[in-house]
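The chain below stands alone and is given in structure tokens; this is the form predicted on its own.
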């Protein structure tokens, strides 16, 4: 059972995150100061530093929320025995739905994940590792079912599909893909194209790593 002190800390952290989402969207990430965040959250400026080292770390907290959301989507709504293509689409469309709830904020969050500042590189790497832990078991299962070659470096395959996801979302931000259905269709095409190139040759032997 959560005690009173823990409840207060959780409420303060939540207030900071809600203020950040509002202000990063309204004013932009670069134009929002820690003082702005403190004032909107109704707390002292120093209190924010008790919870977060700075604005970049606040964004990373949202990245962790995104990862938790995607993990729940996979667990609750995706068939673990579905094809690799289906599982990848379930995962990355879950990510897209998370950021598309608030597009301007999502843009800032993606930028921080793809191009992290020096002070948050280590935290960003920790989040990357969690994505790898989510994806690599999918790839290993796909290898056993003959959907992927067995000589692939799976961490690089993870980066491959994340890059295709970023490309698709970029198309949405630029207005080339206008709806969630457009994004899903574009992502499916790119993923299928990649999987065709990574699949074992028909009738050939699969090389062990």
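If you're wondering where the values come from, they're calculated on a predicted model, not measured in any experiment. Residue numbers count along the first chain shown, from 1. Rigid core here is just the name for the largest C-alpha set that superposes within 1.5 Å across the two forms.
Heads up, the form predicted together with the DNA isn't pictured, but that's what we're talking about next.
Using heavy atoms and a 4.5 Å limit, would one call residue 51 a contact residue for the DNA in the model of the complex? Residue 51: contacts the DNA in the model of the complex.
Residue 12, heavy atom within 4.5 angstroms of the DNA in the model of the complex: Residue 12 belongs to the contact set for the DNA.
Although the DNA is absent from this view, report whether residue 177 comes within 4.5 Å of it in the model of the complex, heavy atoms only. No, residue 177 stays farther than 4.5 Å from the DNA in the model of the complex.
Determine whether any heavy atom of residue 168 comes within 4.5 Å of a heavy atom of the DNA in the model of the complex, and answer yes or no. Close contact is absent here: in the model of the complex, residue 168 is far from the DNA, nothing within 4.5 Å, heavy atoms only.
Tell me which stretch of 144-152, 168-176, 61-69, 40-48 has a heavy atom within 4.5 angstroms of the DNA in the model of the complex. Result of the contact check: 40-48.
Within 4.5 Å of the DNA in the model of the complex, heavy atoms considered, which of 34, 157, 184, 164? Checking each option against the DNA in the model of the complex, the one that comes within 4.5 Å is 34.
Pull the contact list for 3-24: residues with a heavy atom within 4.5 Å of the DNA in the model of the complex, in sequence order. Sequence-ordered list: 3, 4, 5, 8, 9, 12.
Per-residue C-alpha change between the shown form and the other one, residue 185, threshold 2 Å, rigid core fit: After core superposition, the C-alpha of residue 185 moves less than 2 Å between the shown form and the other one.
So, superposing on the core, is the move of residue 147 at the CA at least 2 angstroms between the shown form and the other one? No, residue 147 moves less than 2 Å.
If the CA atoms of residue 28 and residue 94 move by 3 Å or more in the model of the complex, do they move toward each other or away, so closer or farther than here? So the answer is closer.
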